[in-house]
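Okay, here we've got a single chain as structure tokens, the form predicted alone, with questions on binding and movement later.
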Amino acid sequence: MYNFPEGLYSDVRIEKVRATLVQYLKGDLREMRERDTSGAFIRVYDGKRWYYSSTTSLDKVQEEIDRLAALATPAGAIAEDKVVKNMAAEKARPHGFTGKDLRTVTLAEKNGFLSSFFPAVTGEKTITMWSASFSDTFTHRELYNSKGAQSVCEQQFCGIRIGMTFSENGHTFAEGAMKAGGEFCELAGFKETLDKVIEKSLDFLRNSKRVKPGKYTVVLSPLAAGVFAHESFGHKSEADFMLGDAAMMKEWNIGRRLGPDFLHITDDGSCAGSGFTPFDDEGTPAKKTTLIKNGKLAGRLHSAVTAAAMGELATGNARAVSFEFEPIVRMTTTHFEAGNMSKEELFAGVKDGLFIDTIKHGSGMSTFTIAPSLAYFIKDGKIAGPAQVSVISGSVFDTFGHIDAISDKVELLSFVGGGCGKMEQHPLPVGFGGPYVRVQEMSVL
């Protein structure tokens, strides 16, 4: 399709995106739009240096390849370069989606669907502030490189979110309801989700009690466990953070014991949901990468560049937030794998502890903090009322050592209205979720 220059590695990533966004604040329409964008990101590598360019003129891509090539110094043995060896070389079968094309659903239908949930919010007098949004994206991606790789895929994703602030007798509480999927029909059932969130939020507003700071046995929901796996561990697994950092390389010693034998964490771009990507932005096919296996460090996430620097293989984690950016090492769907007991058995083993159901946010690398939203006391294995928890925190690796139970079923979750941020690239769609995870002696404030 393109004439790639001799003695250089080159690739072209093309994106065409249709995006819809409908937003309301307390019933007032703030934004309703459909937008089409398209562009290409072009790279040339001469074995010593990368030359980048992005353009919205798809008919000028060959000109950009030639312009970048003129800046580079051709190398006769470029095919033997370690980075180039890690680049994809296959012509992949085009990937498409099944189901109804989101582009055939009218903007009026999408707006009407979102508006149909407003009465459930306006009918509750304790809801003093609320926002609502519907968004979807249809993405066509192509990747071509000088090794002969050709990859084409079409993906779509949509979701609805309503955020609410509840106020009564001087107390306030904020929570949100969300549903997402690859098709419009997958958003059916959101009314039940919304009603349940409102019910739980009112109970929390009226009956929650402040937890006494200290060390507790904590049960993390699939959502909370997923955020912990992503924010507190997944970012540490991204190999570009390790390059040139001897201390981090030593900390991430493959084979290092972190937790029990039933502890496994993986990153997998082939999982359906918001983290799905059939190939990364270097053309490497999605794969399952084991980060922790049987309680020991087993791997890390790579681009072709970081893999070459560490003598390992690319993992399909070179991702960019759009065609305007270069690919860097990013997660896809990072989660705990299924564990050693049922959910019921896991809870039954807690005499006096806490259950973290939903969260406001989480962060951390060597140490972490997670700010819970809906949380509950556990007494003698049973939920015993809502608990006000400011943060749970600790050392990432030490916390793995305190895990003593993981439930035997995994629940992967999809999200809209946000994403992962790294460097200047935000928001990148990723997936969360996992099983229920029980942790002993977790610090709680």
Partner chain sequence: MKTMTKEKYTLIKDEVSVKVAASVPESIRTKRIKRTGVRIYKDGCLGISGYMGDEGEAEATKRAEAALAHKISYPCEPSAALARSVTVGVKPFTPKELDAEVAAVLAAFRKDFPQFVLSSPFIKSGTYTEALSNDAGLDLHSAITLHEFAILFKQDTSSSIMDGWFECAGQKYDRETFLAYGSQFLGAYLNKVSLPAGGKLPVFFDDNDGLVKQIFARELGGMTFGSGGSLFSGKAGQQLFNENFTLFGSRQDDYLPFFDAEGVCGEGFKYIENGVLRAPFCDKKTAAKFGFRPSGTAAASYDGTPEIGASVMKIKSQAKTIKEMLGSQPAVFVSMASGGDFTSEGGFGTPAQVAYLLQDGKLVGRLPQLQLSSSVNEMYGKDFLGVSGDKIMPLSNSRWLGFMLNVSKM
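Predicted model, so just to flag it, every value in this text is computed and none were measured. We call the rigid core the largest set of C-alpha positions that still match within 1.5 Å between the two forms. Numbering follows the first chain given and starts at 1.
Same protein, other form: the form predicted in complex with its partner chain, not shown, and the subject of what follows.
Colleague: Flag this candidate site as yes only if 150, 190 and 351 all have a heavy atom within 4.5 Å of its partner chain in the predicted complex; otherwise mark no.
Modeller: Negative, none of the three is within 4.5 Å.
Colleague: Of these, 137, 122, 367, 115, which has a heavy atom no more than 4.5 Å from its partner chain in the predicted complex?
Modeller: The residue in contact is 367.
Colleague: Which one of 71, 77, 185, 254 is close to its partner chain in the predicted complex, taking close to mean a heavy atom within 4.5 Å?
Modeller: For this set of options, the contacting one is 71.
Colleague: Given the stretches 279-287, 170-178, 221-229, 333-341, which is the single one in contact with its partner chain in the predicted complex, using a heavy atom cutoff of 4.5 Å?
Modeller: Correct option: 170-178.
Colleague: Flag residue 328 as yes or no: does it have a non-hydrogen atom within 4.5 angstroms of any non-hydrogen atom of its partner chain in the predicted complex?
Modeller: Yes, residue 328 is a contact residue.
Colleague: Using a 4.5 angstroms cut-off on non-hydrogen atoms, would residue 380 count as touching its partner chain in the predicted complex?
Modeller: Heavy-atom contact with its partner chain at 4.5 Å: absent for residue 380.
Colleague: If we define contact as a non-hydrogen atom of the residue within 4.5 angstroms of the partner, is residue 161 a contact of its partner chain in the predicted complex?
Modeller: The answer is no: residue 161 has no heavy atom within 4.5 Å of its partner chain.
Colleague: Would residue 235 count as touching its partner chain in the predicted complex under a 4.5 Å heavy atom rule?
Modeller: Because a heavy atom of residue 235 falls inside 4.5 Å of its partner chain in the predicted complex, the answer is yes.
Colleague: Taking its partner chain as it sits in the predicted complex, which residues of 101-137 have a non-hydrogen atom within 4.5 Å of it? Please list them.
Modeller: Sequence-ordered list: 107, 128, 129.
Colleague: Once the core is aligned, does residue 26 move its Cα by at least 2 Å between this form and the one not shown?
Modeller: Comparing forms between this form and the one not shown, the residue 26 CA shifts below 2 Å.
Colleague: Rigid core fitted, then: does residue 112 show a CA shift of 2 angstroms or greater between this form and the one not shown?
Modeller: No; that C-alpha moves by less than 2 Å between this form and the one not shown.
Colleague: Tell me whether residue 47 is among the residues that move between this form and the one not shown (Cα shift of 2 angstroms or more, core superposed).
Modeller: Yes.
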